[in-house]
Each structure stands twice: as C-alpha cells, then as structure tokens.
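Same protein, same chain, two forms; see structure 1 and structure 2 below, as structure tokens.
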Structure 1
Amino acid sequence: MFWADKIAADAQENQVVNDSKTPSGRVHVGSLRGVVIHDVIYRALKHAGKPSKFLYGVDDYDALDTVPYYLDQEKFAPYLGFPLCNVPSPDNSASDYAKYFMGEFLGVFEYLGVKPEVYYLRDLYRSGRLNSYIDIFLKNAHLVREAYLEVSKARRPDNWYPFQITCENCGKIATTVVSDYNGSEVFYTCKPDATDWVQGCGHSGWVSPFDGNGKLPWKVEWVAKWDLLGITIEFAGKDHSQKGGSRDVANAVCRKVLRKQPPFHSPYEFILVNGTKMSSSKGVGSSAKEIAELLPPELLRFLMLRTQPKTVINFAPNYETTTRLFRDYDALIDKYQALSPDVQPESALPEDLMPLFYAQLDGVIKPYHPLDLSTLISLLQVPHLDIRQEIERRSTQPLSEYDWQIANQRISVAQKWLADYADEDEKLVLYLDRVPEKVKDLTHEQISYLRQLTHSLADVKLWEAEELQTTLFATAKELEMQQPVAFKSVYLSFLGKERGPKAGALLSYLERDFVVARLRDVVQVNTSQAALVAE
C-alpha cells in the first residue's frame, strides 16, 4: 500500500493536517516537499472517506535573522531581529516582507493544485487566540525548562521564561529575554549580547505578553498551534526530527504542560542540490517559483512523490536529472495505459502507479502519446527545422488534441531549459555551413571509420535514431574499433566537440544526403592534410 494511503487507512475520523513555513526569503524548491507530502496525506484521507482539513501556517512572527544576498543589504540590515511581518516589503506589491515572499510561494501552491486553509501567526497572536496558551506556558515555565533539559540537554536558567517580547524601544524580537511573570505582565530585557548576529538596545521593563506583544519560542509555539487548531497530523523535516531535536522537545512540552498527546508524525528527508541542503535566506538551490516555471505541475508533484519521504531527493535542473524525470513519468503513463480498462484510480491501481495518481492535480490520470524531452531539446537546436512538423513525422501514431497539448507544453519546457539552465557544453551547436576545425585532430583510425560509415549510412533503410545507432555500432565493430573513439569522430564532424546527444539521434535530426556529404568532406579534409604533410 502506498505510504499516504496507509496513513489514511489507519487514521480515525476528523483529521487536521498541518504544515508551516517561515518566510525568511525566496522559498526554495526543497520546501515544496513538505507541502506536497501533507497535501497527499490530505488527499488520501479524503479518498478514504475520512473527514479532514489541511492547514498551512505562515510563521511570520519569527525574526529576520539574515538578509538574503539578493536584497539590498543596506536597506534591510536595520531590520535584523524584527518580526518578519514588521519588516518592509522589498517592493510595493505586498504590505510587508512576510506577505511578499509568502505570496510568491502561495502562487506555486495554486499552480500545484494545493489548496490548504492558510493562516498567519500574526493573526493568531494579535487576535488574542493564543493568549490562554501564553499564560499556561508562562505559569508552567519550570515544566518547559524541564522538557528542554530532559530531551535536548539544553539547560535554561531558573528565571528563563518561554516568551520573547517585541522590544518597545527598538522593535526587535530576537534580542529580548523574559525573566519574570506576574500573571498579567512579563519583565523583559532587550540584551545587547542575546545573539551573535544582532545587538539588543538594552531597554527593559514590564509589559503585557498578550495580544501580539510578543511570541512563544517556536518549539513551544508549535505545541500551542497543535492544540488551538486541533492538529492531528504534522510531519517534519529530518533536521527537526532527530533524537533530542525540535520535534522531540515539542512533544515533551505537549505531554508535560498540556498533558496531551502530540500529533502523528514521521520525518521526511531533504531535497539536496548537488549534495547541499537548500536554504531560503542563503540562496542555495533553485526557488520554488523558478522550478515551477520550468516543470509542468504534474511533473513537479511527481518529483516529490516518486521517492519515499524518508529518502533524500538530490535534484538539480541539469540535463540528465531533468530528462530522466520526464522519462520516469512517461514510463508510468505507458504502464497505466497497458492496464485493463477495469482498473480505475479509485480502486485497484498498483502501488508503483500511486505517485503518478497523486501527481495529478485533479486525481485523474489522462494518458497521452509520450514525447521524449531529450529529443525535443536537440530538435529545437537544429536550424531551419519546423519542430511541429518534425514531431508529427516522428510519431508512430496520429496525435490527438491532448497529445499536442502535452507536446506544446514540453516544447516550452525544452526552450526554458535551454535558455536558463543548459551549460555551454550541453548545447547543440551544429556546424551546417562548414566543417569544424577540430576534425583535423582526427586519427587515421577515426578517418577510416568515417570513410566506412559513408557507405554504411547510404544503405540504411529507415533513417531514424535506433537504426542509425545500430549502424554506428556495427561499423565500429566491423573495424574492431572501440566505440567511444568511433563516436567521437562523429561528434567532431558535426558539433566540433567530443561529446553530444545520442549519436544515432543526432544524425536522425539531419538529412541523409547532408550527413553522408559531411562525412565525405571530413575524410577529404584529412586526406588532403595528410598529403600535404607527406610532401
């Protein structure tokens, strides 16, 4: 059984699924993993007939702790330590910093068909909905301190209280420490040495902690949200889920102070970019918005779902990773089309097709005639080629309106990838008007291969990628030549470099007469050069 369906099958009635995010900067694609995981749990619950809600919290009372590299450092540095909702927006499109970056992220939600009920922490605090929890945790500060010590070995002073006031003097929330509570007000100090990245102003005094004047530490705030909103399921990333980590501390606070069981939880792994964990504020990795502009929504959902939640996804929008993603998706579409018509998504899909099912925005798998993305990327780089005519020519069956919808979508993906992500050595620069200079470096053995290839290619019956690839291999074998050495001569003859797309596919993009003529020209150039050297 697919992991989300198992959770749904084991769940009781009336489930509330929750996820949240601190909008500290441009939200990276790694944050979408939690979004899609929770969305799929919610969909699985609905599919199983279990009444459920999906909530998404915006932790906009957290402090700005880093100015992202892509923002004006001089403008935003004075706001370090401020609640994110009190930091100005980078432009006039939003009321504040948190709404600006969250707005971009929520646009990706809509693109992916993710429709949670969104709430902002500023509203929970300022409306007073968290007041009773603030009071409970302040009155039971000793139990919170015990939980920190027992679970994470973090010892808090006896006069430490789980709350941070927004300083009335300087506006910072990251630098304030509460040391007393009299039942209606807390005593706090805005400490100059509270953090190593921003200084407090030194102000101190008594103030009410209620109605938005400050916030609970996020591990304690987590617990307050669980109880206030009735949350029953919330996963967390591996960093928060390690033994003695944030989730364990929150669980202990929930049991010790509220005497309640925390929500069902399971950790999920990171999305890495070339082995590096992504960061919103440090700009490591591609933003969710950028990847959504590259990948169709079903493919972006599939990226998150084809791997079990506890397995790392190592993603980078390079040629191999991107084209493989599309090939894997198409392979499942083919498998789905091969099923009996009696097998419907609502009943008996095999487990390996469930990532495909949950990748659909509307829960309906709509088959199509697959079109290989790597082929499109190459075809788009062939000058004077009508891409749609070429797609039609290569298709093994008439294309439906939906087939063309997918084809046009993939043309856009290929164009976007070439424009924004392709390295120079991944681009296909065809020498159509002249023989590349580098063919002069070909060996005698490679020239013999190309000479024989002109005869072999003239006899090919079907000018298409697989048959051409077979001919290239067969000719190398006939001459007892190593295949990589032989294929380099083909790439050098047409691209002026030693690597390229699948060689048979490359030749299939070109007219037979042109290919044979070019190979003869290359042989002639080297024969003439050899003659000159001999003289």
Structure 2
Amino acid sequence: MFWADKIAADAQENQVVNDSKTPSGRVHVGSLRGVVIHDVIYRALKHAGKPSKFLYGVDDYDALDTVPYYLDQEKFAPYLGFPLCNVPSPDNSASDYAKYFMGEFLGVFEYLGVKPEVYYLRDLYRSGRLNSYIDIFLKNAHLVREAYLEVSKARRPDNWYPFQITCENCGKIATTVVSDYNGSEVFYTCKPDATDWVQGCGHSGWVSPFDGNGKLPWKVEWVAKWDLLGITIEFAGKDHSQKGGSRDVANAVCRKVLRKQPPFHSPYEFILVNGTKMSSSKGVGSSAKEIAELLPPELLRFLMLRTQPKTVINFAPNYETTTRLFRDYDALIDKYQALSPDVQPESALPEDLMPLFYAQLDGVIKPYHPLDLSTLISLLQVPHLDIRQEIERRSTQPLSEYDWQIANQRISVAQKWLADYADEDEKLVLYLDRVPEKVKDLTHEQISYLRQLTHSLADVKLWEAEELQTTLFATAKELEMQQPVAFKSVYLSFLGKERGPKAGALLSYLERDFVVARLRDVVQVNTSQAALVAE
C-alpha cells in the first residue's frame, strides 16, 4: 500500500494534521517536503473517508538569530534577537519580516495546491489563547526542567522558567531570562551574555507573561499548540526527530506536564540538492521559489511523493535528473491511460499509480499526449526551428487543446532550464567557425561516408529537410554502412557530439556551401593526419 494510504488506513476519524515553519528567511526546497508530506497525509485521510483538518503554523514569535547574507546587514543587525513579527519587512510588500518571507512560502503552497488553515503564533499569543498553557508550564517549571534533563541531558538552573519576555526596554526576546513567577507576573532579566550572537540590554523587572508579552521556548510551545489545536498527526524532519532531540523533549513535556499522548509522529528525510556548482555561479539554485519556477506543480509534488518519507531525495536540476523526472511522470500517465476504463475511479488505482494521483492539484488525473523534455530541449536549440510546428509535424495524432497546454508548459520548462541550469557541455553547440576537435576520432569508413556526402549533397535538388534526410540514408546504404555509424559522423562534424536532432533538418537550416565545405574540411583534416601517421 502507498505510504500515505497506510497511515490513513491505520488512523481514526477526525484527525488534525499539523506542520509549521519559522519564517526566518528564504525557504529552501527541502522545507517543501514536510509541506507535501502533510498535505498528502491529509488527502489520504479524506480519500479514506476520514474527515480531517490540515493546519499550518507560522512560528513568528521566534527570534531573528542571523541576518541572511542576501539582506542588508547594517539595516537588520539591530533587530537580532527580536521576534520575527517585530522585525521590519525587507520591502513594502509586507507588514513585517515574518509575513514577508512567509508570503513567499505561501505563494509556493498555492502553486502546489496545498491548502492548509494557516495560523500565526503572534495571534495565538496576543489573543490570549495560550494564556492557560503559559500558566500551566510556569507553575510546572520543575517538570519541564526534569523533562529536559531526562531526555536531552540538558540541565537547567533551579530558577529557570520555560518562558521568554519581549524586553520592554530593547525589544529583544532572545536575551531575556525568567527567574520567578508569582501567578500573574514573572520576573525577568535581559542578560548581556544570554546568547553569544546578540547582547541583552540589562533591563529587568516584573511583568505579565500573558497576552503576547512573551513566548514559551519552542519545544514547550509545540506541546501547547498540540493541545490547544487538538493536533493528532505531525511529522518532523529527521533533524528534530532523533533520540534526545527536540521532538523527543516535546513528547516528554507533553506526557509529564499535560499527562497526554503526543501526536502520531514519524521522521522524514531531507532533500539534498547537488549541482551546487551551477547554482552558485549563476545565482540560481535551490530556494523553494526557484525550483517552483522551474518545475510545474504536479512534477514538484511528484518529486516529493514517489520517494517514501524516510528515503533521501537527491534532486539536482541538471539534465539527467530533470529529464528523468518528467519521463517517469509521463510513464505513469501512459500506464494510467492503458488501464481499462472500469478501474478509472481513483479508489481502485494500483499502488504504483498513487504518487501520480496525489501529485494532482485537484485529485483528478488528466491524461495527455506526452512530449519528452529532452527532445524539447534539443529542438529548442536548433536554429530557425518553429518548435510548435515541429511538434505538430512529429505527432502521430492531432493534439488536443489540453495536449497543447502541457506542450507549452514543457516548452517553457525547457527554455528555463536551458537559460538557468544547463552546463555548457549540455547545450547543443553548432560549430560554425571551426571543425570540432572530435572529428579526429572518425574511422576510415566514416571518412569515406563524408567524402561521398560532399558529392551527393552537392547534387541534391531541393535543399530541404526530407530530401536531405533521404540523401543521408541513401548514401549510407550505398556504402553498405550501419545507419547509426553514418549519422554519428555527421553529428561529429557539425556538433562535436555523437548525437543530435534529426540530421536532415539540422543540415537544412545551414547553407549548402557551408555544409559541403565543412565536410571537405573534415575529410581533409583526417587524411592529412593519416598521412602524418604514415610517415
């Protein structure tokens, strides 16, 4: 059974699925994995007929702990230690820092068809909805300390309380330490040496911890959220999930203080992005937004679904990985179309088609006539080629409107890929000015073929793709050569590679004189070299 369906099958009704994110900067594509995993669990629950909710929390009361390299250091350094919702936005498009970066992330949600109920921690705190939990955890600070010690071996001082006040004097939340609680107010100090990355101002005093004046440490805050919102399923990245890690601590706090079972949990692996070479040099790479700009939403969902949560996904936007993603997706589309109509209702799909099903934004698989991305990448690089005309000409069946929609989408992907991600040696380069080095590898048989071509091509009546293609074949036949061997010699002469777009078409875009001259040059280079060797 597909992994998400298995979870759904084992679950009771009325599940509340939750995920959350600290909006501290641009979001890496790896963060999308959690989003999609939770979305698919939610969809699987609905699919299994178990009504459920899907929540997404924005942890915007967390402190700004570093200024990302792409922001103005001088402008933001003074806000280090501030709650993210109190840091100004990098530009006018948002009210504050947290909303700015979350906005970018939510844009990707929408793109992926992920529709959770989004809530902001600032609202939970300021509205007082977390007040009772704050009181409970402050009163039971000793139990929280115990949990920290037992689970993560982290010893807290006896007067340590699980709470941080936003300093009334300097506005920082990361630097304050609470050391007493009288039931309505806490005593806190904004310590200069509380962290090694920002200094507190030294202010101290009694103040109410309620209604947004401060926050719980996030492991404890996590527990408060679980209980307040009735969360029953929440996975976490492997980083938080290990023994003694934050999830483990939160679970212990939940059991010890609230005496309740924590939500169902399982760790998920990361997405590794190789190919850092191209991303760093060209300034494009691996933010969620950038990957979303390259891959259509279904493909991006598919990327994260076809691999089980506990297996690492290795995605690099290089030729091999990118074209394979599309090919694999199309293979499932074909498989779906091959099903007999009576299994079409999605409930009865074979397991290997489930990733395709859950990759759809609206839960409906719409088949189309696949066009291989690698082919489009090739065609786009042939000079003077009208790609849509070419697609039409090559299709065995007339393309529907939806087929064209997909085709156009894929053309954009191919263009984007060529512009932003392709390495030089992955691009098709026509050697217009010089003979490619590689022609030295040509065999005698291939040389004779090319020599023969200088004559047969010179005689071609109509310099046009079909006729040229025919001539290439006919000449190979004349010399009783294997077709692939013959074609390779042509590609090597013009592209320096063994493969290329349909050779007749390729030549038709070039001038006849140039083609014949080039072939003569190639023959020349090789015969003079042969002469040298002979001496």
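Here, rigid core means the biggest group of C-alpha atoms that superpose within 1.5 Å across both forms. Since the structure is predicted, the reported quantities are computational estimates derived from the model, not experimental observations. Counting starts at 1 and follows the sequence of structure 1.
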| query | finding |
| --- | --- |
| Pair member that is the form predicted in complex with the RNA | 2 |
| Rigid core superposition, residue 464 Cα moves 2 angstroms or more between structure 1 and structure 2 | yes |
| Core-aligned C-alpha movement of residue 439 between structure 1 and structure 2, 2 Å or more | yes |
| Yes/no, residue 488 Cα shift of 2 Å or more between structure 1 and structure 2 with rigid core fixed | yes |
| Inter-form CA displacement between structure 1 and structure 2 at residue 521 - rigid core frame, Å | 3.8 |
| Distance the CA of residue 505 travels between structure 1 and structure 2 [rigid core superposed, Å] | 11.5 |
